[in-house]
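Single chain ahead, by itself, as structure tokens, in the form predicted alone.
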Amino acid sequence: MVDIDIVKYLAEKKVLVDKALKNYFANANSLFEMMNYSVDGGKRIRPILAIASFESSGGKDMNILLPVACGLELIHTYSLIHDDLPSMDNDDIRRGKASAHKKFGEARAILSGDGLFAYAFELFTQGSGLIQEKYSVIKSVSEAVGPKGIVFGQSLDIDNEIDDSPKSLRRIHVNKTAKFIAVSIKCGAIMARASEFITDNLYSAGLYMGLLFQYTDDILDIVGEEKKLGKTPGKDIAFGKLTAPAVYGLEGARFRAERYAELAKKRFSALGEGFKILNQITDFILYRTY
């Protein structure tokens, strides 16, 4: 596979996802309009990872994959809405605009998040055929985002009783972020009907990518710019969050982010040249500024 311009690749795939998402919110009611407000403007990393994995695994018909990719983005957006609530991280800015609870009020923000979460699973079932694959996607995603994944990770993140050890940090990062990144990659391969060997190894590599993503997120909370981030920097320090820089220092966090990138790329590379795009996305995440 020839090296590609990864920024251009991400931009092109974002347009593809945005176009598909627009169709799912056309001619909708007021709740859908609130849901779409929060969906609009994201980077679409998780659906793009699903697309990259789908294509790398031999998938050809993008119409098979796009409902799944869009469903992943809806779940991600739901998690952001709830994460920003006053009872959670209390952030007024998301994706460069007022967060949902600031725009619509807390009750409507909660409902729009609930709506996105449920609507995602409706999207996972769309289209004819591939029943077994859709079942595998639903099972894998529900495990990654529920009480064994994102919700558990978030509960740990707000737990004032948790210690500040590297073990606790990794436990939060794996559940809150890494599992969903990994399952996004896995879903693409599932929908391409890849072998269990490939899907399992992609998930394993994706966990390292997910840890890398959270490390860079923690670092950017210190050194990032609000305009680029689309959210308020410095919130982790203000809330006393357990983060990579808090445990290892800024340079230690950067060193470990590089290590996670190496581990992810080693595992993607082991699957063959066809998965090179995932290495390029890994490098993009490592060096991202937003």
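Quick note: we count residues from 1 along the sequence shown, nothing fancier. All of these numbers come straight from a predicted model, not from anything done at the bench.
The form predicted in complex with a small molecule exists for this protein as well; it is not shown, and the discussion that follows is about that form.
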Option from 131-139, 172-180, 118-126, 102-110 whose residues, in the predicted complex, bring a heavy atom within 4.5 Å of the small molecule: 172-180
- request: Note which of I150, A192, I198, L156 lies within 4.5 Å of the small molecule in the predicted complex, where distance is taken over heavy atoms; exactly one does.
  value: I150
- prompt: Going by a heavy atom distance of 4.5 Å, is G42 a contact of the small molecule in the predicted complex?
  reply: yes
message: Can you work out whether H76 and the small molecule are in contact in the predicted complex, taking contact to mean some heavy atom pair no more than 4.5 Å apart?
response: yes
query: in the predicted complex, does V145 have a heavy atom within 4.5 Å of the small molecule?
result: yes
query: Does any heavy atom of D91 come within 4.5 Å of a heavy atom of the small molecule in the predicted complex?
result: no
